[in-house]
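The chain below stands alone and is given in structure tokens; this is the form predicted alone.
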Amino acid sequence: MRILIVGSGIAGPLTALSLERAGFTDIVIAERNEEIRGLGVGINLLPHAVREFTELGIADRTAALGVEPSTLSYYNRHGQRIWSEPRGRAAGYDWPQLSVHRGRLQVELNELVKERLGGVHRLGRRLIDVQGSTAVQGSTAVFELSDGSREEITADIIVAADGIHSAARKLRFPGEGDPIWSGLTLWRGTAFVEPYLDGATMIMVGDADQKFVAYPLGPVRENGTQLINFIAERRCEGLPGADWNRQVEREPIAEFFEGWSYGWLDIPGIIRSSEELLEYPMVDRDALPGWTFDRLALIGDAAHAMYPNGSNGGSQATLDARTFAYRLATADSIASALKAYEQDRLPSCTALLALTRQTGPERVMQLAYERAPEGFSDVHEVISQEELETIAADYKRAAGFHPDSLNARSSLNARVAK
């Protein structure tokens, strides 16, 4: 069985690795760029994703790329703590949470694909059409090459892992239009700074209109500094371009956060100390009625692009990849495998997308702002402990990583019958 994967971001190589683990080896990855470039800044892999990395045998190499945060803390604009919770193994999971550089992770995953499957990448191929996709026969993907010529690749299954601007999705839903803007603009960067708090805490500061997120990406160096990833977020007028590589000046963004310094954290100082600042809009797409179409399947952001509230996009792509491979290895036909994959993943991701539009677990920050915009002396006079715990637990259940259910869930490892 030949399987064609379109896209070499995060979802694409994870799908290839999951398929190889399940016994499928005739795999091709088509990528529109002429080289695999690690794009983006930081990404969090939550315990349900790290479990899958562990079962794929790639967790150690992934962990070497970043750090394991032990705590997540939410603060208001005044630097007052709203809620803290342990993360990863400190929260009772059998697996950690990992914070890594997205670009380094992308490159590493594709290197692992080369090690396990050989030269399966076909670079410089932009998908322009999918032909002959039927439940009985295979599908043919038509690509445009950099010189303007065209190439066809026929496969039994085509997996579209080509991101929020998925060409395959557009072919199926040509009237969908551009991604939907939330009204928020994000500025992402990395900076070497003195460790804040215990040097292993992910923080979120602010509310639904303006927010700052930061987490460590490396250990403390000999000079006492630590590499952190940060996201500065603000509601703005006018939609910026959706290019993750648009560099902007640091000073105007730092000025948005003037006064957001609390002794233990200097937000404008962090922004000013970044080497570069990348701007893009916070966008998502509406939920789809289906992800599979005869021999074509959508996966990752191509299927369910969502806001980064909850730090869950990469983790959901991981679950997509593993579930897809598991169903293909255990079903009695390609059609039933694709339908089972869709039934497993689409409803939960649709519900999760709706939660991210309601700010997900970050709702505690907005509640604190609405109920006490000038701050509080005791957060429990504003939000009860029970309400805080419920918001956190409900999101974990919706996203599939509540510790009780995750630790008890059966493995997605499976091998296709030869």
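Heads up: residue numbers just count along the shown sequence, starting at 1. If you're wondering where the values come from, they're calculated on a predicted model, not measured in any experiment.
Separately, the form predicted in complex with a small molecule exists; it is not shown, and the next lines address it.
**Q** With the small molecule left out of view, choose which of 161, 232, 321, 158 has a non-hydrogen atom within 4.5 angstroms of it in the model of the complex.
**A** Contact check passes for 161.
**Q** Tell me, which of 126, 272, 116, 339 has a heavy atom within 4.5 angstroms of the small molecule in the model of the complex?
**A** Among 126, 272, 116, 339, a heavy atom within 4.5 Å of the small molecule in the model of the complex occurs only for 126.
**Q** With the partner left out of view, is residue 102 within 4.5 angstroms of the small molecule in the model of the complex by any non-hydrogen atom?
**A** Yes.
**Q** Might residue 188 be said to contact the small molecule in the model of the complex, defining contact as any heavy atom within 4.5 Å?
**A** Flag for residue 188 set to yes.
**Q** Should residue 254 be classed as touching the small molecule in the model of the complex when contacts are defined as heavy atoms within 4.5 Å?
**A** Close contact is absent here: in the model of the complex, residue 254 is far from the small molecule, nothing within 4.5 Å, heavy atoms only.
**Q** Using a 4.5 angstroms cut-off on non-hydrogen atoms, would residue 76 count as touching the small molecule in the model of the complex?
**A** Contact check for residue 76: no, nothing within 4.5 Å of the small molecule in the model of the complex.
**Q** Establish, in the model of the complex, whether 7, 11 and 300 all lie within 4.5 Å of the small molecule, using non-hydrogen atoms for the distance.
**A** Each of the three qualifies.
**Q** Considering the small molecule in the model of the complex, find the one stretch among 374-382, 54-62, 23-31, 354-362 with heavy atoms no farther than 4.5 Å from it.
**A** That would be 23-31.
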